[in-house]
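Okay, so we've got a single protein chain in two different forms coming up as structure tokens, structure 1 first and structure 2 after it.
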Structure 1
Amino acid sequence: MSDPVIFSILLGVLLVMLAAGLWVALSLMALALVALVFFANAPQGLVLATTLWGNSHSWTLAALPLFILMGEILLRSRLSNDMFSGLAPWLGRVPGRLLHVNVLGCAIFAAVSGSSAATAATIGRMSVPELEARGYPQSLILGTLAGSATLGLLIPPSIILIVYGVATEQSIARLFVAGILPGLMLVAMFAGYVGLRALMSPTIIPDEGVHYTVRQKLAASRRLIPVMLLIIGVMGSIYTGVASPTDAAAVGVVLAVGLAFASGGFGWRDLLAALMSATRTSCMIAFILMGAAFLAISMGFTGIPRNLAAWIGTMELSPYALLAVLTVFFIVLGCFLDGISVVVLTTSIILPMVQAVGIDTLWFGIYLVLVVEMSQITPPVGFNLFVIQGLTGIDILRVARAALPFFGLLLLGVLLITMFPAIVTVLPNAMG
């Protein structure tokens, strides 16, 4: 039986299982067993046992639950509210005014949470009622929140970059550092779009009527100090090589707990709730990763990835042509799966193709995260859209329409890092 036929059969089996509502992790494991039983000559039980055991005690993976816990702690503390209060006085005279709170607030919280959904929920809970009460247009409120919350996937520490690093055996520290400049580039693009819209239609932005003195702005900025210290402590220790990502995540959790208790409004019950939520999320992701590892091993036994890479090589596709095809593929896939599932489902098959045309796997990780960010605001399964719908009660299609310009900006970001790959690689190459 030819490889395209085998691949089509396996893809059909996967789609049937996912459509039936089976968990992604179980679907991956079941698909791997089908591949081993019918299309490979390997001991299924032995491969299953060794793969699951070998991928369940990775020291690198220990950073994942720690960063998730750090984000959960901040989500439940007053530190998130302090970000809004600290940023608002500085933005009163900027074109777009307080809409920039969504952009900058998401960027700051993304740098300490690592989660797109947590970023959307935290910043949206603060900013949406406040901005609506001040008369800002609903489409821009929802659009800036949906688009900017995707930064949680890119700006380090990013959960999905950890997943990609574990799946591809890349350096987590180098991936984190590679995401800094693209993340700042997207922040500038989002803020520029908001400012441009405000300049083109000045009547849609309400006049705040409140002006702050420099002293009042500086006093408000003190609320940002704890969060900024947390970001500097975590990322600074990784970039300088003082700590590994796992060590830095542990330090971040300790600092987050201390700051949350010191800020007030955070008690032992909140800490327990954060621990339980982080445990559920971490177990879900770890379970998916184990299923993906088993699928990757089983696909290796079938020989499909190796043959697919060889086939791509015979087509002599340019790197740009391959990236154009993959971009469409990932956007379509992201309409039906969450970002982590997209990464773990495709890595074992796509990576040999990418390496065959000479694309840097470190750069490809940032590209992949950017495309997955686009899928977070793509109906029907854009996670950010669901989060914002739950916060506001607004129809998900209206939220998707509001986020459409930011989808375009993310696509522009993909084009920019493709044309100028140094945006991704310059900082990792400067590391020791």
Structure 2
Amino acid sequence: MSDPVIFSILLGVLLVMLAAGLWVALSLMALALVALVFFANAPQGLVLATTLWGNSHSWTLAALPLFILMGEILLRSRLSNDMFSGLAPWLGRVPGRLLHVNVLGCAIFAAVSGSSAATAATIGRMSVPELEARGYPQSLILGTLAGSATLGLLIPPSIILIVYGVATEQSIARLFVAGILPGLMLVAMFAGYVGLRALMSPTIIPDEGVHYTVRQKLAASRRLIPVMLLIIGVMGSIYTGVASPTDAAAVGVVLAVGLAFASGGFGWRDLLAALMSATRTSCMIAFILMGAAFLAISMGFTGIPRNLAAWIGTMELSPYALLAVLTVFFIVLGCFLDGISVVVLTTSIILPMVQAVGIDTLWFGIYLVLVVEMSQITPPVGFNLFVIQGLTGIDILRVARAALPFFGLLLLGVLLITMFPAIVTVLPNAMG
């Protein structure tokens, strides 16, 4: 059987299982088992156990439940409500108003966390209920959240850049620096899109009440102080070197607990409820991550992604044509493998091709992140979609539709960095 046929069969099997209502993590595992049994020669049961274990105890993943816990604590305390009330007067005249909290909140959080799932879970836990209560349109709430949370991967620190840097032996510090400008560019594009939508149909954005005087604005801003202290504390712990980026998640929890108690209305019961809820959410994400890892390994055994990538190599394309084909390739694979797996499974084949046509490997790393960001919001396997379904109960297909414009914006971002590669390279080159 040829690889495209096998690929189509597997995709069909996955869609049937998902449609029947089998849990996502179990669907991924079952699909991987099917692939191993029929298209590879590996003892699938042993490989399953090794993968479950090998992908469950990593240190960098330990930050995930802690960041989720931080979000749960903020939600249950006054802090999250205070933040929105404090920001409302300032954003009252900006088209899109409090929807920008999703974009900017994700961008700020992205500077602390390296994962888009943690970004979506933490910011979304606070912003979704708050924005819904204020009457913002659901599709824009979900879309901005799903789209902006992908910034967790691009704005440093970033798990995917670490994986790419280690696999290709590049300076992770330089990759991080290279992600800064494209990250800011995307923030501007996302915020611009929100503003544009609001200007086009002003009635969909709720009025945040009367117009405030500067004095009133400043008075309301007092309520932002606790959240500011939290952000400063977490970032400060990283940039003074007393905490690694993973450690910083624990600093965030401790500060959030302290501030929640200090601001009143938060007790031990709330803390316990936050802990239990965070435990379930992070379990849900970890289980899907394990399923995705098992699927990725089964793909490694079958060799399908490798063969597809090698097939692209035989086309002998020009740089721009190669990038166009690769973008389509990554979008297709990204629909049902998670982004990090796509990078891990294909860099061995793709990087030499990319180097052969003279594309800068540092630039290519950032390009990859953008493409992987897209895979986070494409169904059926997109982590931000899962996290947001977990937060809201809204089906991933509906979340994916809400996120579609942001998929388009990411694609536009890819086009922009391809036309103007300096957006990526100017900062790292300045490092000498």
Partner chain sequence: ETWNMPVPYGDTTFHTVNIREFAADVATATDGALEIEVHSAGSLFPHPEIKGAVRSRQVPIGEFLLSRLSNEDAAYGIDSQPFLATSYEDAKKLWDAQKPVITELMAEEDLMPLFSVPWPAQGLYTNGEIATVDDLSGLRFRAYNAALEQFAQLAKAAPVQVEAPDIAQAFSTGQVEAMMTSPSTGANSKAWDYVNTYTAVDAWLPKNIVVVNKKMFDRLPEDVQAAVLDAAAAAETRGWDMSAAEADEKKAEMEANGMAIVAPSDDLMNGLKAIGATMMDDWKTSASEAGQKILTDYEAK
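All figures in this text were calculated on a predicted structure; none of them were measured in a lab. Numbers follow structure 1, counted from its first residue as 1. Between two forms, the rigid core is defined as the largest C-alpha subset superposing within 1.5 Å.
Structure 2, not structure 1, is the form predicted in complex with the partner chain. If you fit the rigid core between structures 1 and 2, you'll see the Cα of Gly358 move by less than 2 angstroms. A movement of the C-alpha atom of Ile238 reaching 2 angstroms or beyond is seen between structures 1 and 2 when the two forms are aligned on their rigid core. With the core held fixed, the Cα of Val414 is displaced between structures 1 and 2 by less than 2 Å. Lined up on the core, Arg222 has its CA atom moved by 7.4 Å between structures 1 and 2.
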